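Let's start with one chain on its own, the form predicted on its own, as structure tokens.
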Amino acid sequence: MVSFEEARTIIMDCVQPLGIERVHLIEAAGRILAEDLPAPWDMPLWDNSAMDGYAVRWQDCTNTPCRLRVTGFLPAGAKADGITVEAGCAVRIMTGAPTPDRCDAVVPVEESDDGQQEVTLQEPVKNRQHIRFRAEDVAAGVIFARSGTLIRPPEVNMLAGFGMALVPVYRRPVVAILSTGDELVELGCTPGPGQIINSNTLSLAAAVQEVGGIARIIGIARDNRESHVEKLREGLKADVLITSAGVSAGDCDLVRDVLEELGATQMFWKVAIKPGGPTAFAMFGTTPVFSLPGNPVSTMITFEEFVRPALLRMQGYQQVFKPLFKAVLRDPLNKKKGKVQIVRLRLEKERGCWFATSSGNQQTAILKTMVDAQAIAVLPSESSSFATGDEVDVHFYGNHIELEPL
């Protein structure tokens, strides 16, 4: 049996980012950039106005109010060729239009009388004000986005500004998902005596998609060697294989034996955590294989703590573990020493601090407690009791965007 920390280290040592693919810019959002990108040209490409107003010579406007003759007009998209700001004159200009020759300041229309033939400027003018100068944002040849960058809307905007329709990103892992057991029936069937719906496959597929992977459901392996061989062999063709149930020590728990028969190398079996102790991890060549417990709560918790970080690493993420932060317990918690315990929590923020309460019955058969959880406490193995008012390490569970750590 390995510790919680050892299990994570073993997994992270075994997984690497997948290959690189080039995808259309809009499909790159939310992905990880796989190459450093140099700017192909200056941004902006020319000096241009940052305001609607008047292009002027700063030295003509040292004393205000001052009156200037309007000698031209430059809308956005126009060329400034042949247009010059002469002494005592101004050129009406729109935001984004190139600044004309001899212009060294732009006066916003709000600071003038909005004249058409002549204009009176009301406010003092500063040299170089309201002009966006060539290469002020990014100079040609400068790396503007580095490998490992998460592509967000701002990166999409800059990539589009540089005309990059195809973007190199790390490939999304194809994740095969397999549940095991004669008692399982698929969604849409009415379960009979002794049967349950195969909910784990669907929750795992949802978790894989939430983290950016491509879920491939391959069905149910029945409790015989032939079915396990067939389904596991199919699953090992994916980038990652996740199995649910059949990983303990019962007569029908065949997953680990069949994986070994097919050539997988077991890296560990059993982790000193609760829930989720009978988790196993193996490698089939470069394919990670996560064999998770069959209890739905244990399945989701072990996915969160072990599989999710691995899938992020395979997509090029550098920060793969959810950050821990402190929360104050409103109620006491007790556990046995020797294992990390994962506790499902609700959170509230008061007076600048997070306060945590149990989200319900912590028995692993109680799914509603998982549904109600906003966060997970990771209670260290060496501790056995936590009093009301004690601080514990927690991290968010799921995408609770209304909650942010301090």
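This one's a predicted model, so the numbers in the text were calculated from it and none came from an experiment. Residue positions are given as counts along the sequence shown, with the first one as 1.
Another form, the form predicted in complex with a small molecule, is not on view; read the next lines as being about it.
Contact with the small molecule in the model of the complex, judged as any non-hydrogen atom within 4.5 angstroms, is confined among 289-297, 128-136, 267-275, 99-107 to 289-297. In the model of the complex, the small molecule sits within 4.5 Å of a heavy atom of Ser244. The small molecule in the model of the complex is not approached by Thr149, whose heavy atoms all lie more than 4.5 angstroms from it. In the model of the complex, no heavy atom of Ile143 sits within 4.5 Å of the small molecule. For Ser112, no non-hydrogen atom is located within 4.5 Å of the small molecule in the model of the complex, even though that partner is not displayed. Only one of Ala327, Leu311, Leu184, Leu121 comes within 4.5 Å of the small molecule in the model of the complex through a heavy atom, and that residue is Leu184. In summary, among the residues Thr95, Ser248, Ser227, Thr84, the only one with a non-hydrogen atom within 4.5 Å of the small molecule in the model of the complex is Ser248.
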